[in-house]
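Next comes just one chain, in structure tokens: the form predicted on its own.
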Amino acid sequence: MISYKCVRPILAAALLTSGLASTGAVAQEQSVLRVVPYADLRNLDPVWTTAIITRHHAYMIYDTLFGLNEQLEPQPQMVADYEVSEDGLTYTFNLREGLTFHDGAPVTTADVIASIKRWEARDNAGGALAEVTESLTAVDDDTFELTLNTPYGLVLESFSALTGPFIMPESVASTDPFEQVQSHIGSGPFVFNEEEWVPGNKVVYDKFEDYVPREEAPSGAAGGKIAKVDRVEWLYLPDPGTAMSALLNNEVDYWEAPPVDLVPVMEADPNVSVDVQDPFGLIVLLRPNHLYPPFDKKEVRQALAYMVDQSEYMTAMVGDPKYWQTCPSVMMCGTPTETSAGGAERMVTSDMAKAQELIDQAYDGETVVVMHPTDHPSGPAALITAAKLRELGVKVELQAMDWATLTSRRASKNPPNEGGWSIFHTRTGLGAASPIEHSGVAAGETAWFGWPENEKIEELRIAWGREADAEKRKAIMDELSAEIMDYGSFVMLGQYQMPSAWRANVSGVVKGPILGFWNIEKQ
């Protein structure tokens, strides 16, 4: 066996309703970090939805088996050490001591196995791992064993996926993966304070006093996750002007996603720091619904790629070009999987004549429902897409809603005219560097909202994960890119980095794609 050890006054009313002025007594007794997140938290189950705001929530309250450090290397988290058999087919994992759920119950391998199986049913990386799994069994309460039916080089990378698995109690993890869990007990560094949760207003997390962090320094989603504040409050302030005033007036401590055009104002204040918290950045995607006309037709899906001009989308969404780039790839640019094979460069600059040709060939006059999130950075993208489609003669119904409503509605398989949808836009992060994790790539049972079905895509995606040779892997990725472009799974709209802002008395912000608020202190 091989062993590895491992306010100005005008803001007063807004502050009262947002919770900023309602927790003064708490602030006198506890260290409280007040955060303005990019979106409202409505859906709490990270298996049921891939929304980044839900993922932020999950990293606050749950722990993971492994985590990616700043160098994107899988590091043990809940796992103390593990062994791999000489043939590479059997992995034996030992949980570290002191793992306890927020209700006081110890974390056992029964909880871990149930959580993995629920995650595998919905997650791209999990589904790929399930395809090569012969068995997943408990040796005892602290040790579990994963046996593969074929060598697979992404076991640790799968368990390190930013989308989980998040470990829940067995009774909770036994919930149907297509239904949301009703209990939110984790074993992470913070406890979700459900009694104080006000959707559309405030989310509260309390320090988990019994959490035992790892000894290593924090790095990305890995290392020691030490809660250095007693309480974290997420205060939803959808109006950027209100959020900026609250930050400048020391009424909030951290603003996750200020609009780029407000950055110079905050940079001019010596009491505010502005930096890119996630150096890996985000990509923006347009996702059509493959189940219903007109996007059940490949030609109409292909027209979407021809009509896109990424610079137009990025300028509207981000603004300052120092924060964004065009990306002629179905995968995240600047990563080993970047490829323009199959004509991916056509997503960079529009060819409306070609798009019109495809629309004339296959579009039958159906109304396209474009969901427009008015409180999310992807909102401008929905407006551009609607205008482009109308220019092509497509009937468009632009439906305004908040992001929380969109993340619930996109799970509906109802027809567009019966509460469903035709197109939504979203952002995704580092997982888009791997076809195993990329939300838009899977086209089988674990396919993301939009529900494409393409056997060749699935075969190539799994083959990429199984191939160890770098050159052969690149060839598979090129073939996969060509198939995705031909099939029209999604459209890349560009790539950007998102600045964040925090008060100068806040220190210890951990760089990376996870916003977990461990290691942060307030002076």
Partner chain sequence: MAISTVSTTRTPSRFRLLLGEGGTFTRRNPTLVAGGVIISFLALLAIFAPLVTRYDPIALDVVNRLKAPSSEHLFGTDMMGRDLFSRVIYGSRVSLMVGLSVAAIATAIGLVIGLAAGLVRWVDVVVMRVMDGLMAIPSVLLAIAFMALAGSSIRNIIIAITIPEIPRVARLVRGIVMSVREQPFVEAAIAAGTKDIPLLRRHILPSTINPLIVQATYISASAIISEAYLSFLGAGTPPEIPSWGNIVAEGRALFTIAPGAVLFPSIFLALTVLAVNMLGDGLRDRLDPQMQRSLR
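Positions refer to the first chain, counted from 1. These numbers come from a predicted model, not from an experiment.
What follows is about the form predicted together with the partner chain, which we do not show.
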- Query: Do heavy atoms from each of G241, P380 and A387 fall within 4.5 Å of the partner chain in the predicted bound form?
  - Reply: yes
- Answer range among 224-232, 393-401, 290-298, 107-115 for contact with the partner chain, defined in the predicted bound form as heavy atoms within 4.5 Å: 393-401
- Item | Partner-contacting position among D142, E256, E157, E312 - heavy atom within 4.5 Å of the partner chain in the predicted bound form | E312
- Message: By the heavy atom within 4.5 Å rule, which residue out of I359, C333, M78, L262 makes contact with the partner chain in the predicted bound form?
- Response: L262
- Item | Contact flag, A316 vs the partner chain in the predicted bound form, heavy atom cut 4.5 Å | yes
- Verify the contact flag for R346: yes if a non-hydrogen atom of it lies within 4.5 Å of a non-hydrogen atom of the partner chain in the predicted bound form, no if not. no
- 4.5 Å heavy atom contact, R214 and the partner chain in the predicted bound form: no
- Message: Would you classify T374 as touching the partner chain in the predicted bound form, given a 4.5 Å non-hydrogen atom cut-off?
- Response: yes
